[in-house]
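Shown next are two forms of a single protein chain, provided one at a time as structure tokens under the names structure 1 and structure 2.
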Structure 1
């Protein structure tokens, strides 16, 4: 294949180009826990040089983009190698482009959000941890901004549709769905208002939950 040359007889690669990285806010909901985020040890990927500083030794997972790779594929590769997670659908949040943001050189970072069911999230605890987003503390490289935007985006999506990120195993009850939505929202939700908003978007399986004391709850799957 002939290499394209422009009007100055130069190839695209003759011009200075940035390194492109992806950083991902991975959000999950542990059983009985709060909305939480995955953090990896600094030094295990993109970012800080040494990672020995106090309070900044943790960061969001990320990696450099490989040649010809899609951003989403880079995100998934990064999550696989850092946390053993696969088969998810990351969504873009924002590109951070300060040329001085990384002391190794000119790096653009495309921030992403990915939401992972807790059972899929097996991690090497010497390299990574999951913490409630409220307890994330100060992160480097504007990762707190990424996290904040990720949480806001997730809350907006959950306000509009039942479990859009597929965190619940199917089938589930209205009570389980409400509890999940309350965890994502970070506040209690009115039972009737919640039901009025969500039930029209659900498909009843026609079956009932078993093994509970009290009237058995109806079971639902996605609409």
Structure 2
């Protein structure tokens, strides 16, 4: 087979090749909790994490791409083997390509994001844990940058639509929806402004919430 050469008469093997990793930010909201992320135990030689457990380092679930492997397959393999998680559908988030981002060497990370309702997330607790993103601490391999971008992306989505990731069980009240948005945003939201932005995008079920104090609240579903 003829070897391909470019305009500089170089073959592909003449160029340096970085390693390629896939890393996934899995975000969720536990009942009554904060916006949280799935972390897994880091490999030997990483050091001690500062916010997620004494004597143990943690990171986002990820792995190196195997020869001939699809990125999507590598993501699912890493979630299954590193966290005991299956049944997710992560989407590509961003390629992190700073040559100095990973202290192990030149590693490109094709980061992925999945936002999962709490009841749908089952993990192997001997391998992984779910922690508030605010308590993730210092993560190795540039994973803080990945987590920051994942959270920013999710917040942008929630600023524009009622519940794009389907974190709430349907039907729900406007108060429940606002509480979810405040959890995702990490800050209180103005009640009137929130309702003006979100209520036109919802469909009223015609039913009222039971067991509430005062005037029963209307129930909604996504429009």
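All values reported here derive from a predicted model rather than from experimental measurement. Numbering follows the first chain given and starts at 1. The term rigid core refers to the most C-alpha atoms you can superpose between the two forms while keeping them within 1.5 Å.
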{"property": "Assignment: the form predicted in complex with a further copy of the same chain", "result": "1"}
{"property": "CA of residue 190, rigid core aligned, shift of 2 Å or more between structures 1 and 2", "result": "no"}
{"property": "Yes/no, residue 177 Cα shift of 2 Å or more between structures 1 and 2 with rigid core fixed", "result": "no"}
{"property": "Residue shift check between structures 1 and 2, rigid core fit, residue 168 Cα at least 2 Å", "result": "no"}
{"property": "Distance moved by the residue 79 C-alpha between structures 1 and 2 (core-aligned, Å)", "result": "3.2"}
{"property": "Core-referenced Cα shift (Å), residue 18, between structures 1 and 2", "result": "6.3"}
